[in-house]
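Take a look at this single chain, the form predicted on its own, given in structure tokens.
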Amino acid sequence: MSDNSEPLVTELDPVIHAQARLRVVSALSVLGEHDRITFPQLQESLRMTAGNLSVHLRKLEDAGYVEVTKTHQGRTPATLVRLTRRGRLAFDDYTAALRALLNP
């Protein structure tokens, strides 16, 4: 008996798939679920310009994948970034989809 079913097409999340955003989500995914990183630390670890990182964080924030919090550490303004639960699930789905494409 032949199987006429269509092969499962695995979609890669376009929000995460862009190289810069994939780097951001990957870097944030190694933090604990409630841990945050400062914007300058993230910028330095990814070696991205502030403007480029800001643009990609905005897209990830719009998708609900990251949370950006503006606060103060003493008198110094600080921007903290963390991967949301939704972002972690999306990254898990993304990596699973990528594995499925690489190992059909």
Partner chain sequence: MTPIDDDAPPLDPAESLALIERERHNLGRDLSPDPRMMFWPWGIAWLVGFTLFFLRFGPDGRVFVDLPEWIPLTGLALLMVAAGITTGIAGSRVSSRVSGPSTRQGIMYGVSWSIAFTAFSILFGQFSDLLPEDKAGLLWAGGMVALTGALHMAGGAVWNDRDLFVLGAWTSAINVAGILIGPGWHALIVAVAGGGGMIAAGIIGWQRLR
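Being a predicted model, the structure only gives us computed values, none of them experimental. Numbering follows the first chain given and starts at 1.
If you look for the form predicted in complex with its partner chain, you will not find it shown, but the lines that follow are about it.
Engineer: With a 4.5 Å heavy atom cut-off, would you call T49 a contact of its partner chain in the predicted bound form?
Structural biologist: No - in the predicted bound form, heavy atoms of T49 and its partner chain never come within 4.5 Å of each other.
Engineer: Hey, in the predicted bound form, is Q73 touching its partner chain, heavy atoms inside 4.5 Å?
Structural biologist: Close contact exists here: in the predicted bound form, Q73 approaches its partner chain to within 4.5 Å, heavy atoms only.
Engineer: Give a yes or no for T84: in the predicted bound form, does one of its heavy atoms lie within 4.5 Å of a heavy atom belonging to its partner chain?
Structural biologist: Result no; T84 lies far from its partner chain in the predicted bound form.
Engineer: Contact between L31 and its partner chain in the predicted bound form at 4.5 Å, heavy atoms?
Structural biologist: Yes, contact at 4.5 Å.
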